[in-house]
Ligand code: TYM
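This document starts with one chain, in the form predicted on its own, laid out as structure tokens.
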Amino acid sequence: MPSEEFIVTPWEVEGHVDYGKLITLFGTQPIDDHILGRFKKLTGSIPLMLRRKIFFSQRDLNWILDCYEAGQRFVLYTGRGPSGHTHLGHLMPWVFTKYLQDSFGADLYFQLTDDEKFLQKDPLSMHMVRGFSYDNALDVIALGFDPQKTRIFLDTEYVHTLYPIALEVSKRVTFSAARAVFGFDVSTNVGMISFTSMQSAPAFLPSIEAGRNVPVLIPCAIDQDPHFRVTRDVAPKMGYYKPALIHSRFFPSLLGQDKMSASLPETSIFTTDDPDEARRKIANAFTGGRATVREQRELGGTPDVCTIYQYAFYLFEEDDRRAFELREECLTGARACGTCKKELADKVVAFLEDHQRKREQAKDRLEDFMVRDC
């Protein structure tokens, strides 16, 4: 969805994203204090990603909470397009999804869209995409999802289950509608034109399996919303509830852009990076600091554009008071960029070492989570 300043589509993010304008462009609703109050009432707390508006936008989230309060459980559905190794930006919505699973006792359907990435990404072969799919699945498992409540599947390995549902969606989506939402043209391959039907299918699978309508909540980054606008449009025509959505911002790039990119390794910290590599990337990251220590002390920095501060704010500093102090110390010049980089690197390395240990253990648990029908 282009504007004068930025582009956000499921496959491309460019420019400085104005999230307030994006809410208007996409026609979503902000997550307001009323919703935050409901989360606190139902779960006993408001998690970091809601408190700090990292998850900032929604569709029908109040309805999902109404269902839960009325005793009707909802199902979670999210996923990953496996075009490379997992980076911290991919993990962020999954961490929040785990909070939702733990807090609401929800089942999770996790879709690995290997078909989409094969169709979209040259020169990725199906063999390469399948390898990335299973590699990414290890990161999902390492976060601690409940194996009794979590299904992970590749589209090409769960196709007998998903494809009949996708056909029902496809029959109700015209090329004109798909072109209006996604901007397809005559050069777009036909697989990409129809792919949204496969991404829609898991939103209806819980209802089909239960034999009754089941509410579904989709936590995802805001760039995936166009797919689910189509899903929501066809849901009533198929006799199902519209899935609700809760959208996150993009995890910032180390180079000062709005979004990490798996295809640009220096913009991202991957879950497979060794500690020295992670430290090197953080040491070279874009900051809001001044050219010299003296200028920093005299003029202060600009934390709101600093990737080091944003890493702490988004994921690595749970304490709100400390996050505020870090910002104030930067603004007043009391804190040097080197200090922030070292503190963040220590936290990131500690996280990676723990995650990589759990990731290795996940190899023995993979089959507890994977579902296939072919």
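Just so it is clear, the model here is predicted, and its values are computed rather than measured. From 1 onward, residues are counted along the sequence shown.
Omitted here: the form predicted together with ligand TYM. The next part is about that form.
Please determine whether Y158 contacts ligand TYM in the model of the complex, using a 4.5 Å cut-off between heavy atoms. Contact with ligand TYM, no.
Should H90 be classed as touching ligand TYM in the model of the complex when contacts are defined as heavy atoms within 4.5 Å? Judged by the heavy-atom cut-off of 4.5 Å, H90 is in contact with ligand TYM in the model of the complex.
Taking ligand TYM as it sits in the model of the complex, is I282 in contact with it (heavy atom to heavy atom, 4.5 Å or less)? Residue-level check for I282: no, no contact with ligand TYM.
Is L162 near ligand TYM? Define near as a heavy atom within 4.5 Å, in the model of the complex. Answer no; every heavy atom of L162 is more than 4.5 Å from ligand TYM in the model of the complex.
F250, F270, F182, F145 - the one with a heavy atom within 4.5 Å of ligand TYM in the model of the complex: Filtering the options by heavy-atom distance leaves F250.
Answer option from D107, E168, D139, D223, heavy atom within 4.5 Å of ligand TYM in the model of the complex: Contact check passes for D223.
Which of 236-244, 78-86, 172-180, 295-303 lines the interface with ligand TYM in the model of the complex (heavy atom within 4.5 Å): After filtering at 4.5 Å, what remains is 78-86.
Using a 4.5 Å cut-off on heavy atoms, which residues of 102-120 contact ligand TYM in the model of the complex? In sequence order, Q111, T113, E116, K117 come within 4.5 Å of the partner.
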